[in-house]
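Have a look below at one chain only, the form predicted alone, in C-alpha cells format.
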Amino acid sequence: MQHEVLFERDPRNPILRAADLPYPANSVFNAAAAAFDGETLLLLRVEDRRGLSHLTAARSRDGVTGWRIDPQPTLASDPDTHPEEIWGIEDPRITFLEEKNVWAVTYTAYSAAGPLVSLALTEDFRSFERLGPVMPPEDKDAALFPVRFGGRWAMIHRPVSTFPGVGAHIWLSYSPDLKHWGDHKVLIEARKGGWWDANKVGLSPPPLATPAGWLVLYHGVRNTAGGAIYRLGLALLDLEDPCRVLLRSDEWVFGPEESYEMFGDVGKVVFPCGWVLDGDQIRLYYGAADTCLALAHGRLSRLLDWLKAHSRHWSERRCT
C-alpha cells in the first residue's frame, strides 16, 4: 500500500540551477518566497565559488517559469559594518508584518563564533534596513509570525545546545520591538529513539495562518549509517496562542527521492524556506541536496485533513 502523496513535485524540477544565474556561482538553493507586487518573489541562497553565501532576488509571474534574476547579489554580507556576517548570510525566511506594512527577512548570519539569527526589513526587496543579530550562536531556522500576540512579536527559531544528549529543538521567543527577545520556550521538541525527527528538528517556511491554526512545516534529521536524511513533517499551533501545539504528525510528509535531491553538495536533503498560498493551492520552494532549487505543489485543505488523521501519537500541549 502506497503512502498518500501530499506534495507533488513539479515536472520541470529543478526550476533553478547555478547555471541560470547571471553571474558565476557554485549552487542556488534554500529560497525564501513571497507573493509581492503581483508576482512570486524568491530570495535565493546563492553560494559563491569561495563557499560563502549571499541572497539574490528572483521574480516570476507564474511562480514556476520565466524567472528574472537580479544581475548581482540583492543582499550580500557586509562584514565591515556587520562583522557577524563575516562568512556569509544564508537560509532566509520572509514574513509580511501587517502592522508595520513592511517585509521582515530573518536569515542566518555566519559569524566567527558560529551561525546566528539576524533580521532585516524591506519595502521593495531592493534596499534593506538591517536590525542586526537578534539571537546569538548557535541559532538558525528562524521566522517571524506576521502579527503580534498580546502586544508582542513572536519568532520561531532553533538554538543548539552544547550539552551532551540534549538535542536540537524548535523554540518560540517574544519581543516588544523586534530587537530585544525573551520569554524563550521549547515549542516542538525533537523526538528520541528511531523516529524520523529524533534528536534534531528545525522550522522550514514561516508559519501559515489557517482557520484551524498556524500550520507549521518543519524538517527532521535522521542520522543513519549512510549519513543524515532531511525530511519534512507538519504541526498545528493555536491561532491566538502559538505556544499551544495542537497537532504534530507522526510520519513525514515529504523526503528526498529524486536524483537531484539524493545527490549534490549535501545529499539526501529537501530543505524549504518558503511557500506561497494561492487559494487552496500551495507552492513549496525547496533546496535539493544543497545544490539546486525545486518546487512541489500541495493543497492546504488536504494537508490539514491529513494532519488531523496522522497525529495519533500526539496530545495537545503547551511549550515549556
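Start at 1 and count along the sequence shown; that's the residue number. The shown structure was predicted, so the numbers you read here are calculated from the model rather than taken from an experiment.
Although not depicted, the form predicted in complex with beta-D-mannopyranose (BMA) is the subject of the following passage.
> Can Cys292 be called a contact residue for beta-D-mannopyranose (BMA) in the predicted bound form at 4.5 Å between heavy atoms?
Result no; Cys292 lies far from beta-D-mannopyranose (BMA) in the predicted bound form.
> In the predicted bound form, is there a heavy atom of beta-D-mannopyranose (BMA) that lies within 4.5 Å of any heavy atom of Asp91, even though the partner is absent here?
Because a heavy atom of Asp91 falls inside 4.5 Å of beta-D-mannopyranose (BMA) in the predicted bound form, the answer is yes.
> Taking 4.5 angstroms as the cut-off for heavy atoms, does Leu55 touch beta-D-mannopyranose (BMA) in the predicted bound form?
No - in the predicted bound form, heavy atoms of Leu55 and beta-D-mannopyranose (BMA) never come within 4.5 Å of each other.
> According to a 4.5 angstroms non-hydrogen atom cut-off, is Ala33 in contact with beta-D-mannopyranose (BMA) in the predicted bound form?
No - in the predicted bound form, heavy atoms of Ala33 and beta-D-mannopyranose (BMA) never come within 4.5 Å of each other.
> Quick one: in the predicted bound form, does every one of Arg45, Lys140 and Val266 get a heavy atom within 4.5 Å of beta-D-mannopyranose (BMA)?
Yes: each residue has a heavy atom within 4.5 Å of the partner.
> Of 253-261, 266-274, 35-43, 58-66, which is the one stretch near beta-D-mannopyranose (BMA) in the predicted bound form, taking non-hydrogen atoms within 4.5 angstroms as near?
Comparing against beta-D-mannopyranose (BMA) in the predicted bound form, the contact stretch is 266-274.
> Consider the chain as shown here, without its partner, and state which of Trp214, Tyr230, Tyr107, Tyr218 has a heavy atom within 4.5 Å of beta-D-mannopyranose (BMA) in the predicted bound form.
Checking each option against beta-D-mannopyranose (BMA) in the predicted bound form, the one that comes within 4.5 Å is Tyr230.
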